[in-house]
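Presented as C-alpha cells, the chain that follows is alone, the form predicted alone.
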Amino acid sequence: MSRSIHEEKAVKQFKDTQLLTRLLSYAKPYWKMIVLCIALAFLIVVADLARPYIMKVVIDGHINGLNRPMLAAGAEQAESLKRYGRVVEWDGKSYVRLDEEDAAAAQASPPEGAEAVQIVRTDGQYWLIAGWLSSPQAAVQAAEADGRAAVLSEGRTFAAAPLDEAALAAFRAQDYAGFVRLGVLFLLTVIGAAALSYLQSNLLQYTGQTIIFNIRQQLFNHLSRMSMSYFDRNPVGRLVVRVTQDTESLNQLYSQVVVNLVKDVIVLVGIVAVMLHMSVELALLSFTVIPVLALLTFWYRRVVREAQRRTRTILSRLNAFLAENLSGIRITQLFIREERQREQFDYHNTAYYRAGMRGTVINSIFQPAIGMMGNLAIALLLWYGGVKVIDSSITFGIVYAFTHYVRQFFQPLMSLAEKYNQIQQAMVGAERIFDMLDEKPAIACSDNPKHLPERVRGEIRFEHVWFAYNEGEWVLKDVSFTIQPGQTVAFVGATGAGKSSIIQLINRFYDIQKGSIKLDGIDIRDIPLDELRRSISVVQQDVFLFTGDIASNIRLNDHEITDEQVREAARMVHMDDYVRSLPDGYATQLGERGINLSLGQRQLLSFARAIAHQPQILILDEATSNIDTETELIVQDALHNISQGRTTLIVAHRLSTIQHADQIVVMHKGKVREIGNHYQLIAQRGYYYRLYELQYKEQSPYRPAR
C-alpha cells in the first residue's frame, strides 16, 4: 500500500557527536566572534562571583572587623606593619588587623617588636586586650587582676584597657572607608557585568542570526535543485517547517546556548573553586545533591528528545494539512466540506496540543526538581553552617557567602536544564535539516558535462525510453521518435497515455530508467541543467503566477529582458491593450497565484512569459484549454509567428488545435502507436482516426438513437 504524502518518513537518526560536529562547522567562520563572546562571558562570571565574596569581606572584615586579631607596635616598628594592611595610630602605638592566614602565620612566627592584641566587648564596654582569643565569638567577662583591668575568657586572663568613643572611632575609621570602597567596587561589578552582558548579547545575536541566515540560504538553494519527485513526496507545509521553524530552533543554539553553556560551566567551576577555598566541609555538604541531579538529567535527556521529535513531526503534518486546505478552500466551500475539514484540522491540532503538553509536563517536572535540590542544599547549609558559626569554627560571612554561591550554583544548573531543552529542540531540528540536506537530488549533473552550442538547433530524439514514477509502474514503454529542428510536433492520446510525461522528461524534471533522450545529438543527462532548461520554454495548462507585478511575472526577474521586450511579448498575445487599461499598467500588483486575473488572462500572460524569454524550443502542454475560441485563434496566429525556426511541441486534447502540426505522435498506454501528419493519420484509420471521429461526433448536433 502506498504511503500518504502526509505520513512523514522516518528521519535518519544521527549521533549527538555527529550533529554537534556539523552544527559547529557552520559556526567555524565566526570563531573569532565566538571566542570574544566567551572571553566576555568569563569577565561576566568573574563579576558575578565577586559580589558574594565582596559581601563576605564586608561582613567579616568590616561589620565584624573590630573583633579581628591585631598586631601592635611602637612608632619605630610601624613601617613593618604596613605589609599586613592599613595601620591605625592610637595612644602612641600603631595597630593593624590580620586576616586568618596572616594571623596564623604571625602566631607561628611573631614579628619582631610586635605584640598580639584584640578588641572585645563585654557589658557594653569595649576593651583592648593583650593577646588573641581562640575565636572572635568566645565569651568574655570583665575582671580585675593585680589591681588592673582584665578580661576573662576561655579560662584565661587577658590584660585589658578600656576604649572610649574616640578610640573606637579611630579603629572604626577603616571600616567606614572600607564600606565606601567595597560599595563602589560592588556597584562597578554590577554595572560592568550589565554592560558586558549587553555587548555579549548583541554579538551573539548577530552571530546566531548570520549563521541561521546561511543555513536557510543553503536549505532554499538545496530545495531549488531537488527534482520533481522530491516535491511529489513532500508537501509544501512540511518543507516550510524545515526551512523556518527547524532552522529557528537552531537560532537559540548559536545565539544563546553555545556561549552561555560555556559561561555556565565557567560559573560552576568558579563557584566550586571559591567554595572549596572558603570551606571544604560546607562545599562537600552542598554537593551531596549532585548524584540526584545526574539521575534526573539522564531521565530528562531520554524522554525530552523523543517528545521533541514527535512534536516536530506532528507540526509538519499540521502545516501540510493547513497549506493544502487553504489552497483548496474554494473546493471545500463549493462541496460544503467545511465541517469535515474542521474535524480533520481538529484531529491534527489536538495531536499537536497533546505533544506540546507532554513536553511541557516533562519540563515542569525537571526544572522544579532542580530548584528543589538547590533549596535542599541551602537547608543543609543553614543547619550545618549555623552550628559551625555557633561553635566558632566558621565565620558568619562564610556562611552568608555560601548561601549566595549555592543559589548561584543552581542557577546555571537551572539554566543548563533550559538550555538542555533548547539543545534537544535544536538536535531534533538539526536531524530534520541534515536529513533534508543529505538527500541528494535525483537529477544530478554529469561529472563530464557536454555544453550546448550558443544556438540550439532543436533536434530531439527519444531512443527506446522506459520511464516510471514508481518502480515497476511503467508510464512510458520503449518509446522512440525523432523531432527534426524547427518542426512542430503534437502529442495526442487518451488521459494517462504518457503525453505530459514526455514533456517532463525533456526538461529533466525526472530521469528515465532505460534508453536515452538526445538534444542535438547530446544525451540530455550530459547537458548542464541550466543550459538545458534555458533553451526550453514551457506553457502549461495550470499557470503559476508569483506575487508581484505583471512585468516581473513576464520577465521572471531576468533583467536582461527589457521593458520594451515585455510589452512586445504582451502585444504578440494581444494582452497589451488590457494591461495598459489597468491603473498601474505593467506595475499592477497580482494577488496570490494571480487571483485577480481570469483563467484566460493568466494563460495569455504565460504565453507572453514564454515569448519574452525567446526559447529555441517551445512546449505547449494543454496551453490553450483555458482560452476562448476567439482568443485561441489570436494566440494560434501569434504562436505560428514565433514558432518559425523553433522546435515546437504541443500536447493537446482538442485535435482542431494541432492539425497544422508537421508531425503528430499518437500515444496509447505508454507506447507510441502512430506517427504522421493529420492527413496521413486520418488515412490510416487507426487510433488517431478514432479519436478524431469521437471528438467530431460529440461536436455534431446529431445524436444516433440508442
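Residues carry their position along the shown sequence, with the first being 1. Since we're looking at a predicted model, the values are computed, not measured.
One more form of this protein, predicted in complex with a small molecule, exists but is not displayed; see below.
K.L.:
Based on heavy atom distances of at most 4.5 Å to the small molecule in the model of the complex, which listed stretch, 576-584, 106-114, 262-270, 499-507, is the contact stretch?
P.N.:
Careful reading of the contacts points to 499-507.
K.L.:
Only one of H653, K671, H660, R51 has a non-hydrogen atom within 4.5 angstroms of the small molecule in the model of the complex; which is it?
P.N.:
Only one option qualifies, and that one is H653.
K.L.:
Check each of T588, T244, N470, Q513 and return the one that places a heavy atom within 4.5 angstroms of the small molecule in the model of the complex.
P.N.:
Partner contact (heavy atom, 4.5 Å) among the options: N470.
K.L.:
Is A169 close enough to touch the small molecule in the model of the complex, meaning at least one heavy atom pair within 4.5 Å?
P.N.:
It does not: once the small molecule is placed as it appears in the model of the complex, A169 has no heavy atom within 4.5 Å of it.
K.L.:
My question is simply whether E622 lines the interface with the small molecule in the model of the complex - judged by any non-hydrogen atom within 4.5 Å.
P.N.:
Taking the distances in the model of the complex, the answer for E622 is yes, it comes within 4.5 Å of the small molecule.
K.L.:
Is I331 part of the interface with the small molecule in the model of the complex - any heavy atom within 4.5 Å?
P.N.:
Although the small molecule is absent here, I331 would stay clear of it in the model of the complex, with no heavy atoms inside 4.5 Å.
K.L.:
My question is simply whether V475 lines the interface with the small molecule in the model of the complex - judged by any non-hydrogen atom within 4.5 Å.
P.N.:
It does: once the small molecule is placed as it appears in the model of the complex, V475 has a heavy atom within 4.5 Å of it.
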